[in-house]
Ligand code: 5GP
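Here you get one chain, nothing else, as structure tokens; it is the form predicted alone.
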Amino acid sequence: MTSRSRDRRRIVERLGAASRVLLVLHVRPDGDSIGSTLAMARALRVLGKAAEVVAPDPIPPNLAFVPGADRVVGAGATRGSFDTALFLDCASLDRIGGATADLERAGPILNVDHHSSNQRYGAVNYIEPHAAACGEVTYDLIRALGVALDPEIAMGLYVAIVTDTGSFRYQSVTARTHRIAAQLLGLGVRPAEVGRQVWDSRTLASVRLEAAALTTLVQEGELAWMDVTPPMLAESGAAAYETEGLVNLPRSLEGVEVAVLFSDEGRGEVRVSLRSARRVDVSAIAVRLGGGGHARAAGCTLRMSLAQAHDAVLTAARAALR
């Protein structure tokens, strides 16, 4: 038995023995975090366990249709204690934001992820870096728990997988990814409806934000980058979560290998999203700067000015391209 198989067995055993489980979404939750966590929460409830999901940041409106989203509570709003805490798709503990207080009333952490940069902070750590999404890992755990997939679980898992693979466009996608997705479609998931909810329900403010950000777009050979600033957010009326996905604009330029989105959060903090096309491991760049992620998609948060962030990240990106 491999070490990963042992880790998965230990996670299953711990969840099987648990009575009350606290599941924690990471800050700025994306489709993989939300879909995986809500699917697992549903599976645990099917087993007769109490499962509560806490979110340090609100669930974006375009993902609020995922079954169980209406039961998610904000940081600090959980009640009672929990014998187990479960993290899905969360590479480090600093990504739980204000949910720290909730965690103080929970038992040992079970850490389930697919990021190779995961800091293995749990009492048990089950990391599958070759999985296309944490949704794939969650699918395996739910099956190992003996829970039959139902339409609610299927929708959560499908949203997790389809969002984290860029609609099955990324290099992480395998034949198994498609086999799992096909099974989920067989349970009633409608891809067109998911696509409409996730990608085709944009606000006018988000389009205005994109237009403003495009004025900052720079391409330098195989490197391209773009900025989002507080004035852009204020003038467009867009919410902070609507910056998600903007990094795909520089990424889509012909000839670009590394794309960067700099989101100036104000207060001397810049959130950086990194993407690569084929050969550069952007997670290595992110890890050096205190972040993490995957070879083709990574990020970090830098406590410095936007100009300083440009210098630090672009210098590292140019070196990686060389």
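What you are looking at is a predicted structure, and each value in this text was computed from that prediction instead of being measured. The first residue of the shown sequence is 1; numbering continues from there.
A second form of this protein, the form predicted together with guanosine-5'-monophosphate, is not displayed here; the remarks below concern that form.
Exercise. Quick one: of Cys300, Ala18, Val313, Ile11, which gets a non-hydrogen atom within 4.5 angstroms of guanosine-5'-monophosphate in the predicted complex?
Worked result: Checking each option against guanosine-5'-monophosphate in the predicted complex, the one that comes within 4.5 Å is Cys300.
Problem set entry | Joint contact, Ser92, Arg95 and Arg275 to guanosine-5'-monophosphate in the predicted complex, by non-hydrogen atom at 4.5 Å | Yes, the whole trio is in contact, each within 4.5 Å by some heavy atom.
Exercise. Does Gly291 reach guanosine-5'-monophosphate in the predicted complex, with heavy atoms at most 4.5 Å apart?
Worked result: Yes, contact at 4.5 Å.
Problem set entry | Distance check, His115 to guanosine-5'-monophosphate in the predicted complex, heavy atom within 4.5 Å | Residue-level check for His115: yes, a contact with guanosine-5'-monophosphate.
For this session: Indicate whether Arg271 is a 4.5 Å heavy atom neighbour of guanosine-5'-monophosphate in the predicted complex.
Result: Because a heavy atom of Arg271 falls inside 4.5 Å of guanosine-5'-monophosphate in the predicted complex, the answer is yes.
Exercise. Can you say which of 203 to 211, 181 to 189, 135 to 143, 84 to 92 gets within 4.5 Å of guanosine-5'-monophosphate in the predicted complex, counting heavy atoms only?
Worked result: Looking at the partner contacts, the answer comes out as 84 to 92.
For this session: Within 4.5 Å of guanosine-5'-monophosphate in the predicted complex, which residues of 155 to 188 have a heavy atom? Give them in sequence order, or say none.
Result: Nothing in the stretch sits within 4.5 Å of the partner.
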